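In the block that follows, a single chain appears as structure tokens, in the form predicted on its own.
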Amino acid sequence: MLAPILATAAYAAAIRALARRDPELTWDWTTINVDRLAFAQAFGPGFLWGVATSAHQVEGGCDNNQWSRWEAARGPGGRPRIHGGERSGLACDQWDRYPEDIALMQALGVNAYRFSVEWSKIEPRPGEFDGEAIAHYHRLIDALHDAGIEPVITLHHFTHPIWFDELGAFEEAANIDRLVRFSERVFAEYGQKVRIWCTINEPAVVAMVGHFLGLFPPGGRDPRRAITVLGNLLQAHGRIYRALKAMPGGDAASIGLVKNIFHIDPYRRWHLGDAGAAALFDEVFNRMALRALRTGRFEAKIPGLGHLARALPEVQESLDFIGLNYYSHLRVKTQASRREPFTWAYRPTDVATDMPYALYPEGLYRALRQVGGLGVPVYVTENGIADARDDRRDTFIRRYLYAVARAMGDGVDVRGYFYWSLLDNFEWAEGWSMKFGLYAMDPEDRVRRLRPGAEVYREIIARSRGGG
């Protein structure tokens, strides 16, 4: 008689512990009037309003990196690696059309632009630097300054040269030296012109999606290797941070890592399997990296892999800020299937986006509170919606910015917000199918057109400056 009671009590205690770790949050949007948000009071005059892109997705001509090779490859069964067999190709042609795109930014009223420099163009062969590519980014940065727009550079945004990939990329810790040297060269060129620097974009995505899920290059499905790559990427961030800080102008630069948070919540809060799976995914995708940034120690206990631990002293105190990329959350539902032990589940009340997830602004608030615990300023470095019909973008922007304002009101030091993306662009494995842009852009004619649903972003920016 006692055993069932104790088992039930233990089960309930485990569920409560998992729920306390990061409880799913739901707001009643029928009672929240986002139009009445006092934007000037919430965000203030020094707030950075921006848009974000990455080189491979918009520049065009990125034919010397591992993603260009991945686009041409075939996967299992001869299927193309990219949706519809599409290629980035000329992309948005921003390499040549950046003056036009800067004018589009000015029309929105943004005062910051986050972009990445393409390593494969700057250093096409080991130790050989291309003067014209270096000069191009000088021209881009100068044009941004002339337009009153602050440049924010990302050093590694998913892509690197083919030669680096052939050395084993981030599977080999010895290769970190090469990324550090590249970063030093870039900082030597632009350090006096650029104040905010992002080292590595979304290390957990590079590691897990590329080396465990197999959807990004190199297409691996080895969880242990994915954990190794994540540790190496974090180490690379720490070493870049310390190398740039030691250079002339390093003390004045603000340098940080861009961390994506993608909450995994249990579909059934009462179900120990769902809750346990959610906690495991959350550990791998979110918490391991955040803990390493706080403690300088990278470790996890993963079923089937045991206790993985590694000292990363370079990572501790390696943040002047943390960049947060946030889009949504997923709910995991476990099932009695050895082949497919879990699935992703949605609720009838979810508002879907074109990507396979829902509007969830409460999650941005949760994530801001979470990364705010690192004790450094926060920039929302990516946040946006894939919405080809443009019938949810207005709601998305209003609600997610409400979540930012609410987090700031609760003490999170948010310094800026960058909408993803300025333009429809090549969305990695999804190709051209996902329309994130404030400006629509058809890859056939590359004409930019402001979407009606994007008007609200311009209005909010103006209101935050007392313009309406």
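Everything numeric here is computed off the predicted structure, so don't read it as measured data. Numbering starts at 1 and runs along the sequence shown.
Omitted from view is the form predicted in complex with a small molecule, to which the following refers.
Of the options Thr154, Asn325, Gln94, Ser183, which one has a non-hydrogen atom that comes within 4.5 Å of the small molecule in the predicted complex?
-> If I apply the 4.5 Å criterion carefully, the residue I get is Asn325.
In the predicted complex, the residue from Gln370, Asn201, Ser116, Thr353 that sits within 4.5 Å of the small molecule by heavy atoms = Of Gln370, Asn201, Ser116, Thr353, the residue with a heavy atom within 4.5 Å of the small molecule in the predicted complex is Asn201.
Give a yes/no on whether Tyr417 approaches the small molecule to within 4.5 Å in the predicted complex, heavy atoms considered.
-> Result no; Tyr417 lies far from the small molecule in the predicted complex.
Could you tell me if Glu59 has a non-hydrogen atom within 4.5 Å of the small molecule in the predicted complex?
-> Answer no; every heavy atom of Glu59 is more than 4.5 Å from the small molecule in the predicted complex.
Contact of Tyr400 with the small molecule in the predicted complex (heavy atom, 4.5 Å) = Output for Tyr400 is no: heavy atoms all beyond 4.5 Å of the small molecule.
Looking in the predicted complex, any heavy atom of Asp101 within 4.5 Å of the small molecule?
-> Residue-level check for Asp101: no, no contact with the small molecule.
Segment assignment from 24-32, 402-410, 63-71, 427-435: heavy atom within 4.5 Å of the small molecule in the predicted complex | Contact-bearing stretch, as computed: 427-435.
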